[in-house]
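Below sits a lone chain in C-alpha cells, taken as the form predicted alone.
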C-alpha cells in the first residue's frame, strides 16, 4: 500500500506508542492525514481535520465490543459475563438505538447529579490536597487523582470508606477495551469487574436507598430502559469505569505537563507563570493529556476520509493523541498556549462525551485548589501507566513548598 506515492515503511507498535506517543506518531505524518498500516491491516487517523471527519462519518461505526466479548467466550472458553454485562452499558461500545438510549440515560443522570457531584468534588479535592499540604509532599496520582471519582461515587452509593478503594478499576481497562488485549488482561478485567458488580449489587439489593440511587432509577425509567437492581448495578459500574481512569489521566498528565512547562516547579497562583488562564488552561490540559488514546471504527460501506478511500469492512483507528498534537492545527503542540480551539479529547459528533461539561468544571476546581496550596515541585519517581487505552501516570510524586 502506498500513500502519496511513498511506501509506508514504519511499524506501529501499540505498547511502544503507549509509552512515547508523539515521538513514534510524528514520523507517520509525512505520509499524510490518514495512513495505512499493513501489518495491522487498518487505517490510522493522525490529523485534527481527519479526526473530525472520522467522528462525523456515519459510515464509520464503533466496534461492538460486547459482541467481541461474546465471541471470545465461545472461542477461548472464558466466562466473561461481568465484562459483557458492563459493556452493554458503555455508550461508546454501541451505535444505533442502544447507543442513543445510553446517551440519553447518562445525559439525564449526569444532569440530575451535577450539583451534588461538584459539591462532593470540592470537598474531596480539598481533603486530599490538605493532607499533601500538611505532609509537604505526596503522590498526586495515588493520593489524589486516582481517588476522587471513586470516593465521590462511593459516598453516593453508601460504600463504607474502608471499602471504596475496591471500586478501582485501573487494572481492568486494557482488558475491558479488548483492542490488542491479551487473554490474561481480558480475564483479569472480567474478574475485577465481577468484584465491583458484586459490591454495588449487594448494596442495592439490601434495600438501602439514597438520592443518587433514585436518580439512577429515574434516568433509566425516563429513557425507557428497564429499572431493576441488576440494571442499576451495571449502570453504576459503567459510570465508575467511564470516569475513573479518564479523570485520573487528565489530572496526572495535566499536572505533569504544567510542571514540565514551568521547569519542574509550579505556582498556579502566580500571574506570570506563563500558563494559560481560566478555561483556556482547562482545554489546553485536556488537549495535551488526551486521556483516551484512541478509538476504533470499521467501515459499513465504502467511504472517504480526507480524500482517502476506505473500503467497506476496513478498520480505522483514530488516534486522539496524534490529532490533538497536529502541528498544523496546534502550532508548537507540546506547549501549553492560550486561545486554542478544536481539540478532540471528548470525541465528537454522535459520540461526543456526555460528561464533557462536568469534566471541564471538575478540572477547573482542581486547578483552583492547587493554586492555594503553595509551590508544587516535581520529584523523582514519575511513572506512566502501562495502559494501551488511557493516558495517565500511575505515580506522580510532588513536593509542596508552603508560601512564606
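None of the values given here were measured: they were computed from a predicted structure. Numbering follows the first chain given and starts at 1.
Not on display, but discussed next: the form predicted together with a small molecule.
A residue is said to contact a partner when one of its heavy atoms sits within 4.5 Å of a partner heavy atom; residue 250 meets this definition for the small molecule in the predicted bound form.
The closest non-hydrogen atom of residue 84 lies beyond 4.5 Å of the small molecule in the predicted bound form. Looking at residue 154, you'd find every heavy atom of it more than 4.5 angstroms from the small molecule in the predicted bound form. When the small molecule is considered in the predicted bound form, residue 28 lies well away from it, no heavy atom lying within 4.5 Å. Contact annotation: of the candidates 138, 254, 291, 276, the single residue with a non-hydrogen atom within 4.5 angstroms of the small molecule in the predicted bound form is 291. Checking 378, 35, 52, 355 against the small molecule in the predicted bound form, a heavy atom within 4.5 Å turns up for just one residue: 355.
Contact with the small molecule, judged by heavy atoms within 4.5 Å in the predicted bound form, is confined among 88 to 96, 155 to 163, 308 to 316, 266 to 274 to 88 to 96. Using a 4.5 Å cut-off to the small molecule in the predicted bound form, each of 106, 243 and 246 places a heavy atom inside that distance.
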